[in-house]
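Only one chain is included here, represented as structure tokens and corresponding to the form predicted alone.
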Amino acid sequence: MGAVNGAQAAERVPKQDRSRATRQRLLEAAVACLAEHGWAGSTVSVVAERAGVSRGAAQHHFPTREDLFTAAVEYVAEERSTALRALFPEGAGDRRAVVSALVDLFTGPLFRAALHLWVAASNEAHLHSRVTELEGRVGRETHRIAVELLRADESRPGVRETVQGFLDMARGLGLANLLTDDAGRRDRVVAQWAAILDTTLD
């Protein structure tokens, strides 16, 4: 009996691992599809095919299209937050490097995917509350990371607004980058904002 139970337990662990791996592939494929094809061109079937799983398997993990895409954007946002912190494990000494890394958050496929989700939510009532809640969570986490890495003391008047203004500016740079490669101008703006933050935060 003990041997049977042991075999069942051994079978469950790989099954759980496979389930987690399938879920992760679906989330990554969903973000890639959303970034490349927008909301209209991103269906559960398209994502499942890209992830190499059946539509049934996709719907087992995510019963609705909205479940899949909101989970995908949140998952990749968390991954990017972890990666951002890992860039500065001992804390950041150079604010320009931090400013540049934070701006990069708004110029990659995650931001493009999130933008398509925002636009869809502005037109589809069933998505609106979910995306608004998601954006609130992601925004608060990004703000916390920025405060931590920039060594900003938000008890001082105007510091919170300065950090938020910087993040709003970074989002604007991300929007500009959607249509044209804005790297040259972005580098100059990053340098200027790093100087502004040095003056304001120290």
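Just count from 1 along the sequence shown to find any residue number. A quick note: this is a predicted structure, and the numbers were derived from the prediction, not measured.
The same protein has a further form, the form predicted in complex with another copy of the chain, not shown here; the description that follows concerns it.
Looking at Arg80, you'd find every heavy atom of it more than 4.5 angstroms from another copy of the chain in the predicted bound form.
Another copy of the chain in the predicted bound form comes within 4.5 Å of a heavy atom belonging to Val119. Another copy of the chain in the predicted bound form is not approached by Glu148, whose heavy atoms all lie more than 4.5 angstroms from it.
Although the partner is absent here, Ala183 sits far enough away that none of its heavy atoms falls within 4.5 Å of another copy of the chain in the predicted bound form. Although the partner is absent from the chain shown here, Leu175, Arg188 and Thr200 each have a heavy atom within 4.5 Å of another copy of the chain in the predicted bound form. The partner is not drawn, yet in the predicted bound form one stretch among 129-137, 58-66, 44-52, 23-31 has residues with heavy atoms inside 4.5 Å of another copy of the chain: 129-137. If you take 159-179 and check each residue for a heavy atom within 4.5 Å of another copy of the chain in the predicted bound form, you get Glu161, Thr162, Gln164, Gly165, Phe166, Asp168, Met169, Arg171, Gly172, Leu173, Leu175, Ala176, Leu178, Leu179, in sequence order.
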